[in-house]
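Coming up is one lone chain in structure tokens, specifically the form predicted alone.
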């Protein structure tokens, strides 16, 4: 039976995408365009934060890093080959990535080889092949990856901030897990987690490019299994409103200190409000701390900031935070200025015209994100994961104004919810 295909369209810009539910249970979103390449992203709602869950009436707790381990292992095929080689033979580029809440497998190909590549993608994701020997071999590879990230100052300062802000939430742990946690992963455990999290009803398939919905359905009918599983339920630990720790300092082989400031936002239950708040605080963060802000220009001229600065508001299904990060030879002087800037915005408000200009920059970045099929697919996935509609973003953005953004900051901002992590040069 052919699924009912729904069209979503922006009447102003003419941009559109299609959506339907495949008979297997997979949610499908397609953004047709005339670009020379096409992209597909196949995503499981299984991420680094899903180590504890309820399934079939029982509660399970698995080792940290198992979602990432599955990401690595699923590319291996039963004939001891790997899916990367199959994609390469078609001239397609493939990749995968694991976040706190999801794992995605993707490829970008020419339009001529899209459906052959799609068949490979759907096939290997749903046909796991794990042996004791292959798992042990992969364990060594992932151990090296964990150690590599442990030697990355940018990675370390970020996770130090997360460990300061959060006491129990899984976002405080690297999605790859630890050397100790991955030592507990077995083929049997991988098969079990694949059964739980890679059920078609827990998957979403995104495609962008010169793509035909009927041809995609035909490929899915051939490859995707119709499996009915008990739905899993995520178990998230209780989390206090205030930051777990107010600060952390590490010493690494860096030429100049790195800093990462954050404010924990405990008010994340209202999904509809979160969409507006996320846009408002992201724009406000860019206006207050971005590279065209008075904060940045003043500190850069005084030699207190080096290079880029990153500021924004980030949220997932169980956490949200406001952050500012960068490099400075005097990170604690920068910390003082961050607090002063936030407190002035909370007490005095912000300039209307500057906020509107920041909104225009965000809209320009949104338009720029539509320049190729891969970017379109990733953007569509990002909005889907946050429970939003990509085509409604311009209207949502235009409806956000400075007073609302400041009110969101006021509700979130408390010094007790903030933390500051620094990576300094070795003494």
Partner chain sequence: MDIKRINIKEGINLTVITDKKFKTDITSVAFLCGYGAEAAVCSALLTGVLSRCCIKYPSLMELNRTLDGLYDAQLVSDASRRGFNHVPTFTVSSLNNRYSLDKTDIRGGCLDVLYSIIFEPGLKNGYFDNKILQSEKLQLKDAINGIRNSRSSYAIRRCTEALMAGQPLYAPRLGRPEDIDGVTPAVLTGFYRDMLKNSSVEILSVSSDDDGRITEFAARLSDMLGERKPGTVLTQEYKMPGKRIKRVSEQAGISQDVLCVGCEYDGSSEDYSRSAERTLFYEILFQNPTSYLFENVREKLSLCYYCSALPMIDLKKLIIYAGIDRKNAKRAEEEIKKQLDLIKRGVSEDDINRCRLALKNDLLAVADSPSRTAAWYARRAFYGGITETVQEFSAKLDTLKSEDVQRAASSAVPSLVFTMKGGADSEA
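Numbering follows the first chain given and starts at 1. Because the structure is a prediction, the values reported are computed rather than measured.
Only in words, not in the display: the form predicted in complex with its partner chain, which the text now covers.
Is its partner chain in the model of the complex near all of 138, 291 and 294, within 4.5 Å of a heavy atom of each? Yes, the whole candidate spot contacts its partner chain.
Discussion item. Please tell me which of 84, 339, 115, 244 lies within 4.5 Å of its partner chain in the model of the complex, judged by heavy atoms.
Written reply: Of 84, 339, 115, 244, the residue with a heavy atom within 4.5 Å of its partner chain in the model of the complex is 84.
TODO: Could you tell me which one of 346, 219, 189, 252 places a heavy atom within 4.5 Å of its partner chain in the model of the complex?
DONE: Of the listed residues, the single hit is 252.
Pick the stretch from 327-335, 193-201, 311-319, 274-282 whose residues have a heavy atom within 4.5 Å of its partner chain in the model of the complex. The contacting stretch here is 327-335.
Is there a heavy atom of residue 164 lying 4.5 Å or less from a heavy atom of its partner chain in the model of the complex? Output for residue 164 is no: heavy atoms all beyond 4.5 Å of its partner chain.
Determine whether any heavy atom of residue 153 comes within 4.5 Å of a heavy atom of its partner chain in the model of the complex, and answer yes or no.
Within the cut-off, so yes.
Taking heavy atoms only, is residue 144 within 4.5 angstroms of its partner chain in the model of the complex?
Within the cut-off, so yes.
Discussion item. So, residue 363 and its partner chain: in the model of the complex, are they within 4.5 Å at any heavy atom pair?
Written reply: Yes.
_With the partner left out here, which residues of 261-286 have a non-hydrogen atom within 4.5 Å of its partner chain in the model of the complex?_
Contacting residues: none.
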